[in-house]
Each structure stands twice: as C-alpha cells, then as structure tokens.
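Two forms, one protein chain; structure tokens for each follow separately as structure 1 and structure 2.
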Structure 1
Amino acid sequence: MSRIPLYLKERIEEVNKRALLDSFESQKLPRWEKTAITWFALMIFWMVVSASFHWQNILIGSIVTFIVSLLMYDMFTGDIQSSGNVVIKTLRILLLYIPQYIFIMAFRLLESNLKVMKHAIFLDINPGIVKIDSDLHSQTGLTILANSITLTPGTMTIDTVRKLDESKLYVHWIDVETMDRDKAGSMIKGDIEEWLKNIFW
C-alpha cells in the first residue's frame, strides 16, 4: 500500500497549522503598541501606589516603568488583538471594556448566587462536568474566561484544553440543565466570552 496519501495528508495538516499560526500572529499588536500600553498601565499603577504627584516622582516613575515595559511588554499585552489606534484602544479598554466587565460580572454573580441559594433550600441539584467550546485562542483570554466562570457560584472550571485550532473548558456545573454542548456553553459563559473577544484573539 502506497504511503503517498498519508504523506499528503501530513503535509496538508502542516500547511493548515502554518496558516493558522500566521493568522494568529497577524492579530497580535506590533511591538511599539505593546510597549506603549504596558508603559501606560504601569505608569497608572505607579501613580496609584506612590500617591505622590511631585515632578521627581513622575520622572522616576516614567523612567522605571519605561524600562520595565521594554523588557516585559509581551507578558502583559501578548494576547491583545491588533485593531485600531493604540490610544483609542487603550482608552476603550479603560473606559468601556473594564466597566462593562464589572457590570456583567456583578449581574452574573447576583444571578448565580440566587440560583445556588434556591438549590441549597430545595436540594434540587443535578451536578456534573460538562465540556464546552470556546472561540478564544489566546492564553490570557481563555484564562480570564475560566476564572470568570469559576468566580460565579455554581460553576467551577476544572481544566482547559488549548490547541491551535480549538479551545475547550471542562466545567463542574452544580445543576446540569442541558446535555447540548452549545446550549450549556452559552448558559455557562453568558456574555463574558463575547466581551473578551473585543480585546483578546
């Protein structure tokens, strides 16, 4: 039996992987934007922690945070999508996306607390572990999604599986309401994943 079809299949898989990698790399921010966002975030943190607005403190903070951002830019911003102007993106994250996330999480915490309280009173639980798909491929985005699911009572992310073309989460659910993976995923993730897709690839 010829090995040519098997070889062709392996070559096609390699080409597909390379194309996926290139598409993910094209979604990342350029280096100078990563450095600028990291410097801006660290500078705000410096001002809050030092609680001093003297020009010497601002000058030292600017120099120190700039050096740190040159060395650590990829750690903080490696998973942020590349779209639009860096200033607009930074302001959008600070003034729009973070308040949205706080509002979404506050609502989900209240809703899930009420559900868990109902289950505790009536003892009508149906626990189980469900596997759900995620459209997020970046490590940071998937981590924030998993932690957000764990923060809401009644659900706890047990494991994440991140491959090049797919991401999956294993979630312990206090009351498995459906066996359909898509419906379970939308019920567990809610609006959190859609919010994270605005920032992370």
Structure 2
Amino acid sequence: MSRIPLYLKERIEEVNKRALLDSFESQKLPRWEKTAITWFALMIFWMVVSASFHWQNILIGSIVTFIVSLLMYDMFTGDIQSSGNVVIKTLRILLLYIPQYIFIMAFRLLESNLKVMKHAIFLDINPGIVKIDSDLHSQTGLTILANSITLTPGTMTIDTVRKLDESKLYVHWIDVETMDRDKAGSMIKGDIEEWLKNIFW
C-alpha cells in the first residue's frame, strides 16, 4: 500500500466506503414492507389504548394509522434487516424474539437491583469508565443495546460513537474487573448483542 500515490489512496478509500454503504443499504427492507410493519404496530397500539372493539373505532383507527404509516414508514423500521417473507418475519419478531428479550431482561433487571442493594449496603465499589466495541451499525440497534447495558448489573452507558464501519460505547462500570477491551466487551454485553443481530443490521 505504501507504494501507491497519495491521490490514488484517497480515491480507493472513498470507493471502499461507498461499497460498504451500499452493502448496508441493500440489507434494508423494501418500502411497502416498512409501511406494512409500521401500520401493523400502530394499529395494535391504537386498539390497546382506545380499548374498544366498535366498528367505527376500528375504521377510524385503520384510516388514520395508514396515513401516518405512509408518512412515517422510515422512522421505526428503517434499521430492520431484510430476510425472507415479511409476514413470517413479523410473526417471528412478535412471537419469538420479543418474549425472549423480555425474559432475558427481567432476570437481568432483578439481578442488577440486588447488586445495587449489595453495593449500597457494603459500599465496596471500584468505579471507572471503559470503552468497548460493538458490531451493530444501525441507530435503533445501538440505542437498544445501550439501554440494555444500562439495565444490566453494574454498568451504565455514558456515550456512543457511531461511524460507518465501527461503533464504540463508553460504559461506566461500578466494579471494574478488567481493562482489556475484548474481555470487557464480552463481559458487559453478554448475549444481548447476539440477540439484537437477529433483527437489526
């Protein structure tokens, strides 16, 4: 690489960057699938919040949520990976991934509460801020990962840095056990990142 002239090197880096961006773009869902998923989610939310099964209620709700989902289709679903049929994908997210996530996070939250109780009583803390890497590249996936890290025992996310091909998280750890980046990453993230990779790119 050192033999290549400088202007050519910049050009090659630019082309590589564009190819990476294109590969991310090609993993996204097509537009009508995004609209359909948004419509479905908004319709469920409308039914629960309005709490009535009258036919006028359902008609008004479906019209209004369809207009909203035509406008807002990119907001929630722009980061979902495309793989397979859209109906199977939606059902799998609703019935398999979300209950799995709630089950994991409920026990993690209970464990973290008990750990804070122990730290508050005995005051045996050793705090510090460490940096870990992440393999997620989308905004929604990184946000959910940061929120999950905040709710798991002993850690709290302070800031995230997202670039095109690498993303980093700065984590406040109440009891620092290791400074090594890879080891700390696998200890802090656990199996949540593997779970999030099923849905987001």
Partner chain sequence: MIEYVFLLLGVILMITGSIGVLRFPDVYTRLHASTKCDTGGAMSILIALTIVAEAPMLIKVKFLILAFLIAMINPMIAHAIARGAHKSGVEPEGIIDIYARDGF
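Just so we're on the same page, residue numbers count up from 1 along structure 1's sequence. Rigid core here is just the name for the largest C-alpha set that superposes within 1.5 Å across the two forms. The model shown is predicted, which means the values in this text are computed figures rather than measured ones.
**Student:** Determine, for this pair of isolated chain forms, which one is the form predicted on its own.
**Tutor:** Looking at both copies of the chain, structure 1 is the one that matches the description.
**Student:** Answer yes if the Cα of Lys115 shifts by 2 angstroms or more between the two structures on a rigid-core superposition, and no otherwise.
**Tutor:** Lys115 C-alpha, core-superposed: shift of 2 Å or more.
**Student:** Any CA movement of 2 Å or more for Ile102 between the two structures, core superposed?
**Tutor:** Not so; Ile102 is displaced by less than 2 Å.
**Student:** How much does the C-alpha of Asp124 move between the two structures, in Å, when the core is lined up?
**Tutor:** Superposing on the rigid core gives a C-alpha shift of 3.4 Å for Asp124.
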